[in-house]
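In the block that follows, a single chain appears as structure tokens, in the form predicted on its own.
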Amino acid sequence: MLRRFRLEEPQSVAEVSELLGRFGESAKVYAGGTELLLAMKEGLVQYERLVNVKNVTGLNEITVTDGSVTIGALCTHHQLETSAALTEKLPALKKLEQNVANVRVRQVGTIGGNLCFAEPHADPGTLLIALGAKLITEKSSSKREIAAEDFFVDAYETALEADEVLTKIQVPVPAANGRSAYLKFGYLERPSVGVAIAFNLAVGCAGPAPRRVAEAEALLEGKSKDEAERNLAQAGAVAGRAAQAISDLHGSQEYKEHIVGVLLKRAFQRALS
């Protein structure tokens, strides 16, 4: 059962930042609430205040420029899975969003909430790392860009400062001959392992946080198709170790490391096709 809390209703990013700075760890940003409210009901976390950001205008828009797609942090997963812009420019991200959790979660859960909650078995962060995305954050007096690969610090921990608000995700559009793919595996609702390949190679869901694997990238980048395919087994082993897999209900460490290699081979073939 939820304990009593105060709901704050700011109208701007500056107001959100001021509230977070004033109340510190006793306050938490509230968007879709699909992860946060569940954790509060289970008594895993407790906050005196929830700062509702759903009334802040301009954070639920998708815009396309020459070289990138900018996604507002309050865009729901459903908004992304039905976006014409993603269909044209980022089909791998659209396909991922179509398979996030379940219909109820996709209707109310937001991309920004998903990233900031940093649940280890979440999908989007892994592909955004592979796509070379940048996360735009703001607070009362400044704005900054954080590379997606630097945003996730640990399980449920991000690089956001206490009074910072994630406002946008900027995703480069692959070139006309660019290739990208995201594959996941799991027998529970949350994935056990996720592998993404695009500009970069990233693994997630197996360990505490999604990670870019530059060492595995080097085995594939700039190689002929035949040479890259010969290197896939080695790249998969490297990526499996880099995933920092943890034994849990989703599988043992060794099992997850093996699945990383399997998914990398499949993602490579899907990207080529």
Partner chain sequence: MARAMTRHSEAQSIPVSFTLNGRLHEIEVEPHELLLDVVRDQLGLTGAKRSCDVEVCGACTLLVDGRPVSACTTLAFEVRGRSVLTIEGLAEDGKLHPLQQAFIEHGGFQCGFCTPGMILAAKALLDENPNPSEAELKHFMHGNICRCTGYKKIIESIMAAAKKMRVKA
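These numbers were taken from a predicted model, which means no experiment stands behind them. Positions refer to the first chain, counted from 1.
Although it is not shown, the form predicted together with its partner chain is what the next lines describe.
Colleague: Hey, in the model of the complex, is residue 45 touching its partner chain, heavy atoms inside 4.5 Å?
Modeller: It does not: once its partner chain is placed as it appears in the model of the complex, residue 45 has no heavy atom within 4.5 Å of it.
Colleague: Counting only non-hydrogen atoms and a 4.5 angstroms cut-off, does residue 147 reach its partner chain in the model of the complex?
Modeller: Outside the cut-off, so no.
Colleague: For residue 223, is any heavy atom within 4.5 Å of its partner chain in the model of the complex, or not?
Modeller: No - in the model of the complex, heavy atoms of residue 223 and its partner chain never come within 4.5 Å of each other.
Colleague: Given that its partner chain is not shown alongside this chain, does residue 3 nevertheless sit within 4.5 Å of it in the model of the complex, heavy atom to heavy atom?
Modeller: Yes, contact at 4.5 Å.
Colleague: Counting only non-hydrogen atoms and a 4.5 Å threshold, tell me whether 157, 233 and 244 all contact its partner chain in the model of the complex.
Modeller: Result no, not one residue of the spot touches its partner chain.
Colleague: Of these, 128 to 136, 85 to 93, 100 to 108, 67 to 75, which stretch puts a heavy atom within 4.5 angstroms of its partner chain in the model of the complex?
Modeller: Only one stretch qualifies here: 100 to 108.
Colleague: Using a 4.5 Å heavy atom cutoff, which residues in 6 to 29 contact its partner chain in the model of the complex? It's fine if the answer is none.
Modeller: Residues within 4.5 Å: 6, 7, 9, 23.
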